[in-house]
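The chain below stands alone, shown as structure tokens; this is the form predicted alone.
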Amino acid sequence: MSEILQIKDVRKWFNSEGKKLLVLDGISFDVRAGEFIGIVGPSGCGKTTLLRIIAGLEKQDEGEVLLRGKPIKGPGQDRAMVFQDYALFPWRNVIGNILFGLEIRNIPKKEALEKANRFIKLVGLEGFERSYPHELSGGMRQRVALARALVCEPEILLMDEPLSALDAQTRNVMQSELVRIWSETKKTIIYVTHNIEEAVYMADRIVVLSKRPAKLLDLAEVKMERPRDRFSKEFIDLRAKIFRLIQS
């Protein structure tokens, strides 16, 4: 796989009570096209800040973030973000939410509907096209958010703890669904989570960050075949290794 994204010695400061607070301290790693990357680290270490820099929603103070060799200077159609709180429009039904990004790009209505219906099928929402967000479970709302991001066909899908609000059983189901959708779409996914088990279950490689100011502790490769057995020795050992790194 060729590299699609390069993070080079990224540093980021925030102003806190009149002082400069270093959040990201020299983060460097590459992402290959079609790869599923997990990002884990202690709460408040800067995982979301790093994701927002990749999205172009924030700017690093030092270092480079290159997408196909070109600096990221702001948001773009080549990236889409899925948030923890779904960020759906409550006044739009499922298909209306999914169509939104296509509408603002002036995609012809017939083409937009065909695309929206294709991704509704992909995320398992057939039969719920006319339902509104308040009528859906948390897992179904997250499927809508995922379809809305995918329908615009970004090169990179950025996900910020998208399953953290779900109950454990629904979360496990959605993890398996995300792996299925990723394998079918071949999208590059960068996935922030505070749940180490989730990252080990889904990702090809895991970026392990230290407590703030975040440094790169490891870029752990997950060599287990999918679907992964959460109770296998290899799975448990890798989860424990990453946990110990974060706690150190």
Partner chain sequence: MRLERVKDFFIFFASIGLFLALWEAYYWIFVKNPFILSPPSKVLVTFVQLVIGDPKFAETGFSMPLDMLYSLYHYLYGFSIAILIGFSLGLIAGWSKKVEKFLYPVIELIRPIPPIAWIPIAILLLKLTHTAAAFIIFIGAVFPILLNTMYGVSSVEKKYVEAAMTLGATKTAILLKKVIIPASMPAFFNGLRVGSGVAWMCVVAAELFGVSQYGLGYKIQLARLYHSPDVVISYMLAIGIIGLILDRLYRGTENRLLKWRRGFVVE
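Worth saying up front: this structure is predicted, and the values here are computed from it rather than measured. Residue numbers count along the first chain shown, from 1.
One more form of this protein should be noted, the form predicted in complex with its partner chain, which is absent from this view; the next part is about it.
Ala87 is the sole member of Ala165, Leu113, Ala87, Val173 with a non-hydrogen atom within 4.5 Å of its partner chain in the predicted bound form. For a residue to qualify, one of its non-hydrogen atoms must sit within 4.5 Å of its partner chain in the predicted bound form; none of Asp229, Phe243 and Ile246 qualifies. In the predicted bound form, its partner chain lies within 4.5 Å of some heavy atom of Arg148.
When its partner chain is considered in the predicted bound form, Glu135 lines it closely, a heavy atom lying within 4.5 Å. Glu129 falls outside the set of residues with a heavy atom inside 4.5 Å of its partner chain in the predicted bound form. When contacts are judged by a 4.5 Å heavy atom cut-off, Lys109 does not count as touching its partner chain in the predicted bound form. Taking its partner chain as positioned in the predicted bound form, the residues of 73-106 that bring a heavy atom within 4.5 Å of it are, in sequence order, Pro75, Gly76, Gln77, Arg79, Ala80, Met81, Phe83, Asp85, Ala87, Leu88, Phe89, Pro90, Trp91, Arg92, Phe100, Gly101, Glu103, Ile104, Arg105.
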